[in-house]
Structures are given as C-alpha cells and as structure tokens.
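For reference, the chain that follows is the form predicted alone, supplied as structure tokens.
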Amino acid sequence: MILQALTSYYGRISAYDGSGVAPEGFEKKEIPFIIVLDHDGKFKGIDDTRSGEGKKKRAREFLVPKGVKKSVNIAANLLWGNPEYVLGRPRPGTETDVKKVEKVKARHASFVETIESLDVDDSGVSAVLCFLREDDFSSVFSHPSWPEIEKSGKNDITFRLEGDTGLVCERNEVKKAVASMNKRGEDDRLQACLVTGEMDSPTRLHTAIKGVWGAQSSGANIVSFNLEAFNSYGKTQGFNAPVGKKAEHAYTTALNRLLGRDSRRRIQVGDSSTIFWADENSVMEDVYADLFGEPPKENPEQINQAIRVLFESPRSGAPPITEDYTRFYVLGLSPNASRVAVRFWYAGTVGEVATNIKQYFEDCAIVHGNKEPEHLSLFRLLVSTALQRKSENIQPNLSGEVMKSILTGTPYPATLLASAVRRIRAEREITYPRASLVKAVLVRNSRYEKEVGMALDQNNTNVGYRLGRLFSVLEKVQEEASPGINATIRDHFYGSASSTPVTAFPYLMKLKNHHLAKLENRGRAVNLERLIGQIVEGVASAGFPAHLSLQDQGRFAVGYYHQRQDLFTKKSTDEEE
C-alpha cells in the first residue's frame, strides 16, 4: 500500500512539465565542481556551482545517471564521482599507503571502463575519454579550486564541454544509452511486480532513501534482504519480493523528493521524519506542515493562519474541506541502523484528516495568558513532556503514536499522560503546554462525557480536579500571606498532594489557618476561606483519598491550572473596578 501510493505520487508529479523529476535511470544530484573540456579533451577550467556563504554553501542540482550502490566494493558511477574515481587522486595524507593507492588506481580504472562500456558516438563522451586516457591531470591539480575539492575528498565532480550549457551526462546520446541500459535488467527473467502487477524485470538492490533524520548520510533502505535468514526458496536480496525496475525507480524517487531538504511535504515530529501527500492538488498539502510544525519567529501566527485557510473556506464560497474525498497519506519514518523503519502509516481522505485535526485543536484548547499563543505546535506540546524540554529526550515512539491518534481521532497513548504527569511532579510546574496536553488526553478519553472543559468548571465533582483546585487556592493564600516568598507549597508538596492526598492535605489545611491569620485584608481572608469551603464541600465525605489514579493525577493538574488562571483573572478585574 505504501509503495503503491508513492508510485502513484511519482506519476502525478512527473506528469507536470518543469517538475524536475528525474526520469528512469537518472537522479537529481548536487554537483559542486565541473571540469570543463574542449572537443579534443583538453582541460579548460573548473566551474564552481555553489552559492551561499560559509558552511551554508549549496551546490546546484544536475540530472545525472543514477549512482550505483557501494559499500566496500569498487563500483563507479557513469561520468560523475569523487576525485578518487574520476582522477585517481588519493585523499591527502594517504599517498604513502601502498594498499590505498592501489585501491584508488582500481577505482579510477573502473570509472574509465564504465564510460568505455557506454558504446555511444558522442563528441562529449569522446572528449572525456581522451582526457582520461591522457592520464595527465597536473593542470587540474594546479587550478585554484583544486585545494577546496580535495579538502573533503567527497565532493563530486563531472564534465562539461566548452560552449555547452549542460553536462556531458545530460547529452541526448548519453540519455538514450542510459535508458537502453536500464531496460536490460540484472536478471533477464520477467516477474509480476508486487507494486504494479505488471510484468517487469525485478530489482536486486533498491535505491537508498536519504533525508530521514538520524539515518546514515549515505542513505538507508526501506526494502532490503541483506542476510541469508531473510531469504526464501533459494532467492537472494530483492528477488525475494520482486519489485519491478519502473516501480522501484518511481517509489524511491518520490520518497527522496518528499524527504528532500527543500521539501514542503515533510515535518519532524519527535524522532519521526513525517511526510505527507495527496492523490491530487489539495489545500491540505499546503497547510499541513504549518498546522503541526514549529512556527518561525518572524511569523508566530503561522498556525492560526493555517487553521483559518483550512476551515474558513465556506465563508469565501468554496466547498467545506470536510467534504473533500481526495485520498491523503501520512508516513512516519525513523532510522534503524542501515534501514528505515516505518513508524506509522495513515491513508484516508482530506475530509477525514481535516475533521480530526479540528477536533485535535478543540481538545487542546485551554485558558492561557494574553501573551501566549492561541494554538501550540505539536513539537511544543511533546517537548513539554521531555527531560530538560529537549526534543532528543522525548520518549521513543511517543511522537508517532500521538500523530496517529490525531489523524484517526482515537484516544492518545497512555504513555502521553504518564509522561506529562511525571514531568509536572518532577519539576513542580504546570505550564500552558502541559495543562493543554493533559486536558486533551482526558477529553479524548471521555469523548461523550465532557468532564474537563476549556476553563474552570466549578460543578466538576471529580476528586482529582477538586483537589487540584484546592491546592491552587492554598498556594494563593500562602503567596498573599508571605509576598515574595521564594518557595511555595507547590515546590514542597506537589508530588505527594497529587498522588497521595491523605499524606499532604491535612498538614496543608492546618498550615492554611496560619497563613489566613497573617492577611491584613480581612475581607480578602474571608473570601478565600469561603472559596476553600466551597471546594472542600465537593470532596468525598470520606475525607482525602489515600491514592489518586494516573487519570485523576491528570485531572489534578488541570484543576490546579484552571483555578490559578481564574484567581489571576479575578484579581485583575477587581483592580480595574
């Protein structure tokens, strides 16, 4: 299903002129340096295709023959590669190592043989072969750009004929030859492709997927059989699950394009590199990243704008997006050694996704300060559950599970509430993101019994919620009795009060009497005591419970947050009066 959807996406984008999608047998590659030759194969100079400054320099992309898969073997690309393959030049510092020098010579010989095997009558290819057979590259090594090419030893180089605008490997004769070579598979037999169902030559090794956060820079495989234990019926590698060459090129090209650096179809959610696409052009493709990604500093209203674009279309006369039946896909990928693991997969319609996203924002809505954003990004919510609020400390698999719950409208994973409550207890701080997250979990778990609202609910009789409110008022009493106090009861008693109330609240209620006695404003003291009485009245007559469940600990946090926001709201209203 995943490969079929990606193959269809390749067909969609390749149908547009100027899409820049690589045809079969080719790939898009950043080539930083180009050797310029004349028609006799004489060296004329080196083009530097990079732009930008410092470490942000980026090379221009060119269409080159698809690179071969390498590990420790010697395998040359056609008409492009690093200095070891193209010029037989060892990396600086390895010139005296006899074994490495011999290996570099073998690589260069393989590069020349690959071009000679092309068997085309083309002036560009002839010029390159003349230059390589001359075997005198002193003019290249003395060029001012050479030290920078040699510095990393990984900069790819290729060739261009003087007067041409394109590369030698982009010439028509070369393209025809590559297409012809591509039709001849590694195995002459034809099999039914598992993706398209058509008869095609199966692919032994699939193209590596690049751009997955945390994976190898050279790429990782999403389909591979690299151990004998994975083989069946005497078949090896990709022949165990035959995917035709056309389908293999289509799905890997589409995946690499979606995961590309400049892609607007990807976001990073925790440890999952998440990509999304639709069967047809859809507004959801344009705003999905804005809805869940962290807004840039120069545009903090990004999420609000995306929500308006998504859900206010009826006001402009357009059909509601919730009635859009275009297929929409979301795929979460994460690294696993030299492979890519599928963290989650969603296939639905644009309308279903829009409905569930709207529900997600409604579930997360909670009162907040005037300077805080109306909607928080998913990254900001998840990172609030992590140690030191760092993304690398987000619990493994949590981000993928949460994203799947959002898209399907199902309850959030139990680990999400546990993580939020654990950070609240450890740091003794109930922030806007944590309160929003806990409230969203509770609301979704009781979809048809709305027990936790957006703001303070004085009629909520849940013991956890009530005790949270009580704890907030007791802290307020202490703050007003001792202005400027460094540590409040929240710093000393939050953990015990939210998990084992019977061990904390009797002492806190006794301490409250001392704090109320210190208040000079007796009217304020009476009002606070009356509020405490109203809250305690709702607690079970059996007294403070010995233990609160994880769900009630979450309600405790939300009750505390609601009551504290309400206390500050009332204070500012009184001052205005």
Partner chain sequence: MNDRTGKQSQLFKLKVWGRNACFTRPEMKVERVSYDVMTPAAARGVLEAILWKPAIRWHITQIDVLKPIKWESVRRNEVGAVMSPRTSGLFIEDERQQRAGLLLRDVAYNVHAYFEMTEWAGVVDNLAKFEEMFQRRARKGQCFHRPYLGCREFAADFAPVNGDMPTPIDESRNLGWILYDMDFSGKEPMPRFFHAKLEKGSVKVPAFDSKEVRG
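Residue numbers count along the first chain shown, from 1. This is a predicted model, so every value here is computed, not measured.
Omitted from view is the form predicted together with the partner chain, to which the following refers.
S.K.: At 4.5 Å between heavy atoms, only one of the stretches 352-360, 396-404, 414-422, 377-385 reaches the partner chain in the model of the complex; which one is it?
M.R.: In short, 396-404.
S.K.: So, a 4.5 angstroms cut-off on heavy atom distances: do all three of T196, V223 and N240 pass it with respect to the partner chain in the model of the complex?
M.R.: Yes, the whole candidate spot contacts the partner chain.
S.K.: Although the partner chain is absent from this view, report whether V340 comes within 4.5 Å of it in the model of the complex, heavy atoms only.
M.R.: Yes, V340 sits close enough to the partner chain in the model of the complex that at least one of its heavy atoms falls within 4.5 Å.
S.K.: Give a yes or no for S232: in the model of the complex, does one of its heavy atoms lie within 4.5 Å of a heavy atom belonging to the partner chain?
M.R.: Looking in the model of the complex, residue contacts with the partner chain include S232, since a heavy atom lies within 4.5 Å.
S.K.: So in the model of the complex, is the partner chain close enough to K390 to count as touching (4.5 Å, heavy atoms)?
M.R.: Outside the cut-off, so no.
S.K.: Answer yes if any heavy atom of L227 is within 4.5 Å of a heavy atom of the partner chain in the model of the complex; otherwise answer no.
M.R.: L227: yes, in contact with the partner chain in the model of the complex.
S.K.: Heavy atom within 4.5 Å of the partner chain in the model of the complex: which of Q305, S110, S446, N336 fits that? Just give me the one.
M.R.: Exactly one listed residue reaches within 4.5 Å, namely N336.
S.K.: Among F344, F493, W146, F292, which has at least one heavy atom within 4.5 Å of the partner chain in the model of the complex?
M.R.: Going through each option in turn, the one that passes is F344.
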